[in-house]
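Okay, so here's just one chain, in structure tokens, the form predicted alone.
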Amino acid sequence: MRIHNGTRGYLVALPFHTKRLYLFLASILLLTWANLHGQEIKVEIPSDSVLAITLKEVIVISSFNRALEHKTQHKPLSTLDAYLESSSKLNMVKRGGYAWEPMMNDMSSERLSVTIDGMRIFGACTDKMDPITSYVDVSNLSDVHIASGQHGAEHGAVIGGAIDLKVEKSDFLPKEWNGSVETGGETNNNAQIVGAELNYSDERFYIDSDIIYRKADNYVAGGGEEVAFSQFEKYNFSANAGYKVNKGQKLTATFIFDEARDVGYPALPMDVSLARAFIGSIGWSQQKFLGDWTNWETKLYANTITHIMDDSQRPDVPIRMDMPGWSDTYGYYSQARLKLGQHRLLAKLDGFYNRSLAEMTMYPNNSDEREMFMLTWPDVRTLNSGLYAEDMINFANSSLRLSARLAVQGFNVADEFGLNSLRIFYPEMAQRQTRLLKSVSTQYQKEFEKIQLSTGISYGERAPSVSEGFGFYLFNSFDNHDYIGDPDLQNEKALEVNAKISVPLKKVKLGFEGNYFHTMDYIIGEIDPTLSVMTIGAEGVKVYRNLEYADLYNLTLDAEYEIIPALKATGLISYHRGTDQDGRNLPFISPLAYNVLVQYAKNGFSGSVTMRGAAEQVHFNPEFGEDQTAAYTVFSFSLGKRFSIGNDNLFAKAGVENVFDEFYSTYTDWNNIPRMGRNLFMTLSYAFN
């Protein structure tokens, strides 16, 4: 059962939170009624444009516009995890105070594509302790592009969607030298943040550089409970440059170095002594290409990741283990666009080669016993080549988007020892295999007098991940089982239907969005009672299998109300459901959740108040290690001010998170680790030109 603080009762809390939820819904309806009946509504839409209401979202981070950043962001120097968690489309699986795993449409990283400026990168940890988002920092990025479902197929073969982290670039703006120095601190975990950036740009050349350092101790949950092994330390440096060779032709390069040390994971039995990434690319783009084709862009990239798990700082472990992992990826993409009458075409060719290797060494407490060694990822080589095409057809008051992807993906188990280990379970297993992955999508948008409608249907496929196909005794502490991959898994396939309705009134904007995924050959771990456990204390062994199908539903209602030009309120409520063919609840499906934000910005002052929470989790499944999480509501606020110093600016922001020191955890918090309690923060940024 879930651990809670003292005498805080969940049966008492639920009605209280439900009332807040009903109040939120009533507020949305009241705002709508007032605008429909209290004044004339006039919506002017240019006849040659189509309102973009497709299932996409952009999170703006850019530090080049400091005024915008400090005006709109609740905590400007927060981790990227916190930025992503503010998205209406993402949830984050939390295993500690750092490196949270993004989820979209209640689907985790296997079903998503996460890229950095279009570059494919794969983590090196079998326990998902190093999602791709952990190898960049907000100081590197201008924004994050989030595409739901097959809208993300541009970046790879996906089911749930894609996240593309856009690197910040001066892009030949005539700004010459500029930069900033920034620092921040937090009281709850004694977090220290220090960063700086220095940039130069003119109409022919630019170079941007930034460096940031973060260090945090164990954080404290609501009520004063310290969460042990939640500390982390992180360094990040990035540089990118561009040179305009001729008019319309430019050469670009990007480099990112990220290193985290002494990272604790309180929800897991092991910590991380080192997580290091080298990420680099070189690109070429030109305005004119072949014939009427324009905007040709080509990029070559490479990245290498080293990730080392160990339990040397944990007391009283039954057996000591070291678990290093490595992931190297080399790739490219080349794309161009064509404008042909009403058609806007995009053609993209891409590919990557990845090598994933992970091992485990167990050291018995009895020195007379021999060490035990095995490959948990048996040096799996993945080669993927794909072709993506998109056609956007614009009409007078509507548009039709058609897209398709075709990819060939091959696997090769290169290590003989690892191959023979898997052949214990699969004697006829082939060393190499090739899979064909297909995706098609159509999206229609229509503008009426007072309503904008978007609806679409799509089909997509994905291959099993390295863990799902070739993992060897991977321990999952959430359900306390060892996992074994199955190289003969079928490709997972999903039929998706989505719709969104937007109603832009004079001061209120309302939106209703929903999607449904019918996922065939859904991949999940199922218990095999004939197998013996490898991990001491594990309850059993699960093998990845294809279910006949699984159904996932996601519904969202959002509203935005401009109270006065300087004061704006936004709200969102979402409902999710996921079941398999037998009606079993799927794991990590969000309960009813809500979020309200009120923002003020005028004359250099800014402020915000947020309320976020969720109802009690009703649809959970103990077979997958889940138990019932209680309802909660958390309040936070912040205040900021911009000071002009000559031509420079000083930005200050302070605030309090979890104002009432609520003790809570969410459905995505691994093993019910509690979230951070009351936390005071302050950030200072000095920007010079």
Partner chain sequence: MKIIKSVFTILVFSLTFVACTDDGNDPIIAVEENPLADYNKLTSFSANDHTIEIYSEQNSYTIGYNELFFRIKDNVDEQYLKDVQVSLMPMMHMVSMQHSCPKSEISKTEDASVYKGFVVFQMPGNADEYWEVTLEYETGGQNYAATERISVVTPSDNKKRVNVFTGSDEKRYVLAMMPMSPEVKVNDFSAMLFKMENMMSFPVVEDYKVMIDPRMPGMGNHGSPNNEDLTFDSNNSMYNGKLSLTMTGYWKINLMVENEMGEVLKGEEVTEENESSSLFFEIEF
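This one's a predicted model, so the numbers in the text were calculated from it and none came from an experiment. Residue numbers count along the first chain shown, from 1.
Not on display, but discussed next: the form predicted together with its partner chain.
Participant: Although the partner isn't part of this model, could you tell me whether residue 362 comes within 4.5 Å of its partner chain in the predicted bound form, counting any heavy atom of the residue?
Facilitator: Contact check for residue 362: yes, within 4.5 Å of its partner chain in the predicted bound form.
Participant: Do residue 411 and its partner chain come within 4.5 Å of each other in the predicted bound form, heavy atoms counted?
Facilitator: Residue-level check for residue 411: yes, a contact with its partner chain.
Participant: Whether residue 207 contacts its partner chain in the predicted bound form should be assessed with a 4.5 Å heavy atom distance threshold; does it?
Facilitator: Judged by the heavy-atom cut-off of 4.5 Å, residue 207 is well away from its partner chain in the predicted bound form.
Participant: At the 4.5 Å heavy atom threshold, is residue 476 in contact with its partner chain in the predicted bound form?
Facilitator: No, residue 476 is distant from the partner.
Participant: With the partner removed from view, which of 563-571, 453-461, 134-142, 365-373 is the stretch that lies within 4.5 Å of its partner chain in the predicted bound form, judged by heavy atom distances?
Facilitator: After filtering at 4.5 Å, what remains is 365-373.
Participant: Under a 4.5 angstroms heavy atom criterion, identify the one residue in 472, 265, 517, 232 near its partner chain in the predicted bound form.
Facilitator: The residue in contact is 472.
Participant: Can you pick the one in 195, 607, 331, 118 that has a heavy atom within 4.5 Å of its partner chain in the predicted bound form?
Facilitator: Contact with its partner chain in the predicted bound form is made by 331 alone.
Participant: Does any residue in 521-543 get within 4.5 Å of its partner chain in the predicted bound form, counting heavy atoms only, and if so which ones?
Facilitator: The stretch touches the partner through 531, 532, 533, 534, 536.
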